[in-house]
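Before any questions on binding or motion, here is one chain by itself as structure tokens, the form predicted on its own.
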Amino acid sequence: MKQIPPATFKPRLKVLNKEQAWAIHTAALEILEKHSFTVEHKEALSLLDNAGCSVKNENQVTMPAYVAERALKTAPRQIVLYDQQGNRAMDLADDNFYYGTGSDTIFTLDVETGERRRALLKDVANFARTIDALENMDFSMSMSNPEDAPIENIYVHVFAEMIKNSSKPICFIADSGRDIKKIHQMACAVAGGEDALAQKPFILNYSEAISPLRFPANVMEKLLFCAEKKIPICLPSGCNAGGGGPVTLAGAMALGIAENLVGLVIHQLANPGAPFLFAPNVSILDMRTTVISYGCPEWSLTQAALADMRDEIYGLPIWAYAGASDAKTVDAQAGAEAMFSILTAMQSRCNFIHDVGYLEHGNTSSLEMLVMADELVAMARHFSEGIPVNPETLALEAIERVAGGAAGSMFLSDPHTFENFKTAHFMPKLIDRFRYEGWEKAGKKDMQARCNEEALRILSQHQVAPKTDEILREIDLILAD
């Protein structure tokens, strides 16, 4: 009788047990019940008041646990993002993971000269075009806070550059309810109207509360706008251990989750069932340098813990980071820190993983770093697929042919090898495995040099699916308004 091969075990990282997960969640609810948070927006205050929260001194709010628990029940367990051509691209749920860039770096490493300089609009275009070409990158963020864009409309201009230079989903930033309306108009122009965009959203908004426990008016404007239009949104706070939150990770997580629950509650009160991506950002404030670290192990640990809490309690898709570094160049430290966060985020099954390509704790972007991280994601993915065990992979027939064959029989020339070598092994594109003589003959290039060549090749050769003249005219009119 033919036997059913065993299911493939996929390696998976867990860092919290059930009791720890519920203890952090319970602490978050206790924070909201006992300590007031500040909401600087009348409509949001009215929603909270009517839902059973206590509002005192104009904008100081406390929240009973049942209000947060109710919001957790109405938020959807799955968020689907489409590409700009209407194809299903990202299924944010359960164990699915997706990688992309970050936003708002002040500097970039010039891909032509290697110089660290202020970021420009052309850098937003270059990162979006590179993302469009990379096989393991799923969405764009602007990566830049460009010096040559008008400051009052900077996020509208970077959104237009991403639209023009990529077809993949976009995670965007906005400053307030004013510029998010313009960005929404642009997205509607690409999708074919507001209803079409609501049916197949290709945008997700990233916004932030201020730790500890403050929710400014402009943040609430964006939150309510996204709820009304059903634009997927995440609202993490910067609850970094020792800075915005307690120095201990459990306490920082409890405070960050409490802040995220406030955003979720207001969002779901405004429009129950609108899509909300859960999660705080909990890195550390480095006590020697006062920087928020992007290469530390703690951030990877807290987002792995949140993935455990998603599985145990929340059920909502979560926000995360990876592929970033505190190094100043694409060096050994950058590679080590990027791989650590990429692999742990994937092994934890975080869902929406941003900040790929950051250097200098988020101050500088690098196309070489992004290209290298794309290869590292591919390597981590191969590991995470596990070891399929079935008659074909056990290869007993091949072993019989070689072990029982004529003298000189070898696996290298066996048909099983020819049939399987392309899928059985990870095939790197940039990582060097040549013999020394071959590497020397090819110019003795290190990883940074090979990534630079690949980034330049993409920028010169990759063709993005063009937008119609009508869409481009509409985008230009919105920019000029």
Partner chain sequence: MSDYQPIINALIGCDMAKTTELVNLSLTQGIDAKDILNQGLIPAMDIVGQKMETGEMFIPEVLMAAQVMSSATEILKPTLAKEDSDAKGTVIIGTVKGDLHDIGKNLVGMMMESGGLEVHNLGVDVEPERFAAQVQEKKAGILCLSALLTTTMPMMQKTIDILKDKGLRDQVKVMIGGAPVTQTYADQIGADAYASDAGSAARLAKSLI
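Numbering follows the first chain given and starts at 1. What you see is a predicted model, and the numbers here were worked out from it, not measured in a lab.
If you look for the form predicted in complex with the partner chain, you will not find it shown, but the lines that follow are about it.
Picking from 237-245, 95-103, 334-342, 134-142 the stretch near the partner chain in the predicted bound form, with a 4.5 Å limit on heavy atoms, gives 237-245. The closest non-hydrogen atom of residue 175 lies within 4.5 Å of the partner chain in the predicted bound form.
In the predicted bound form, the partner chain lies farther than 4.5 Å from every heavy atom of residue 113. Although the partner is absent here, residue 40 lies within 4.5 Å of the partner chain in the predicted bound form, judged by heavy atoms. Using a 4.5 Å cutoff between non-hydrogen atoms, residue 118 counts as a contact of the partner chain in the predicted bound form. The partner is absent here, but in the predicted bound form a heavy atom of 211, alone among 211, 268, 347, 205, sits within 4.5 Å of the partner chain.
216 is the sole member of 315, 216, 388, 272 with a non-hydrogen atom within 4.5 Å of the partner chain in the predicted bound form. Taking the partner chain as it sits in the predicted bound form, the stretch 357-375 comes within 4.5 angstroms of it through a non-hydrogen atom at just one residue, 363.
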